[in-house]
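Given next, in structure tokens, is a single chain: the form predicted alone.
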Amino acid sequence: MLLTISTVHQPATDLGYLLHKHPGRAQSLELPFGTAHVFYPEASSERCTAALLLDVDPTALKRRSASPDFALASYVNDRPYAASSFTSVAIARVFTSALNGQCRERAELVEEPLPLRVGVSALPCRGGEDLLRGLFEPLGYAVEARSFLLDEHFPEWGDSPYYEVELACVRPLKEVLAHLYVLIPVLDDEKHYYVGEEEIDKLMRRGGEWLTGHPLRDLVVERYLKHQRGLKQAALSRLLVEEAGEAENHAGEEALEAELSLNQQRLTAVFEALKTSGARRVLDLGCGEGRLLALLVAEAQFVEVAGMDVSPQVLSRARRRLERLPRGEQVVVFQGSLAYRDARLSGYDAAALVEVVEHLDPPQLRACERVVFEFARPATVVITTPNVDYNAHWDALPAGAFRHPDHRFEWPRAEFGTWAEQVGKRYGYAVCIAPVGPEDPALGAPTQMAIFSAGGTRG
């Protein structure tokens, strides 16, 4: 079995730091069922490829296996050649640090979305190409698959369940490894070891963050847990509890602002700013469930509307919202991150980031500034973010607490204005700061909005 991971992130050899495997050395690790070899077919600053070659030993498997269904079952099978749960075990053992997001030498890259291509030489897809795409595309992967005949001499026998697969994405490496760890045995619909309650913990550890909103969640859980009904129900219960907890966090923020109808006021203010700018092609960055997209697509001025979000789950909800609207099918929504340059973001007249920047750590915020203002460079950028000064207005919010537990910061008005002016000066934009929501004489408005205009005048 051969698995390759490639990147053109520069310097591309940073992949070696993330995987904790030196590009200049071939390494081997003995496993209970064979040997895993790691080597680099190419390693330059422009492109780097790491290969995991898993050499499964049928004799070792025979010694460890229970009684087979037939006498030669331990020897006549696809295990030495195809990706399977052996591959998942090898990923966990060989790339332990990368899977856990540990890298002291390049710590800043652990959370950074990287342009990655994953190749699997023989991936069993028991469910066909549709299942392969149904598992990976909702997670933001571009999927290329080539099938094989069962026997070239007997084409009437049809295709085999094996595919040569390439997956392309822009994601942190640790997330890609977690997806492979969970989904390879799901596609194979088999595991080579006993599946008990500890498998639920593994699934939650590697899939809890992305599996909750996956459209094929139940199938993934069922196959990963080897069709054991009790384990499946226990895993789904845990996933639903986590989903409810996240929903409660959002509900808390919305409840806090509900008395002001603040979310609607924000969307209306951003909509009007975009309309006034004269933009016709508009991009909503961090589009969430698509509420702003729904407003934009209803306005004839906006002939092209698109949304991007890092979460596949909320994008699914955005698509469902848009499906019910006239022209909704014309809106393009796609998964992506504001921490990495993306060619799909170019060519728009305006971009909006509604309550997005406060969710970014400082390094991610700096990367976001370049992505939006330097690389995508629309003529107009509209950004809203909470005004932390106004938080004192809410007795229910403890002193020093943010409105949402995922907020990395909340700026006072002066700091937001300074940041906006510096960004505008750095990238050649004029800036106008405007309040959103009712203004308190001492605390200001609950939301602050910056409108960046390329070549405009400051306000």
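The shown structure was predicted, so the numbers you read here are calculated from the model rather than taken from an experiment. A residue's number is simply how far along the shown sequence it sits, counting from 1.
One more form of this protein exists, namely the form predicted together with S-adenosyl-L-homocysteine (SAH); it is left out here, but the text below deals with it.
- Although S-adenosyl-L-homocysteine (SAH) is omitted here, in the predicted bound form none of G127, R133 and L216 has a heavy atom within 4.5 Å of it.
- In the predicted bound form, S-adenosyl-L-homocysteine (SAH) stays beyond 4.5 Å of every heavy atom belonging to P185.
- Although the partner is absent here, S277 sits far enough away that none of its heavy atoms falls within 4.5 Å of S-adenosyl-L-homocysteine (SAH) in the predicted bound form.
- In the predicted bound form, S-adenosyl-L-homocysteine (SAH) sits within 4.5 Å of a heavy atom of G336.
- Under a 4.5 angstroms non-hydrogen atom cutoff, S-adenosyl-L-homocysteine (SAH) in the predicted bound form has G286 among its neighbouring residues.
- Stretch-level contact analysis of 133-141, 161-169, 97-105, 304-312 against S-adenosyl-L-homocysteine (SAH) in the predicted bound form, using heavy atoms and a 4.5 Å limit, identifies 304-312.
- A heavy atom within 4.5 Å of S-adenosyl-L-homocysteine (SAH) in the predicted bound form is found for one listed residue only; from E355, E112, D189, E175, this is E355.
- Only one of I383, L322, L295, L360 comes within 4.5 Å of S-adenosyl-L-homocysteine (SAH) in the predicted bound form through a heavy atom, and that residue is L360.
- Distance between the C-alpha atoms of G213 and Q335: longer by at least 3 Å in the predicted bound form than in the displayed form.
- A change of 3 Å or more separates the two forms for V182 and M308: their C-alpha atoms lie closer together in the predicted bound form.
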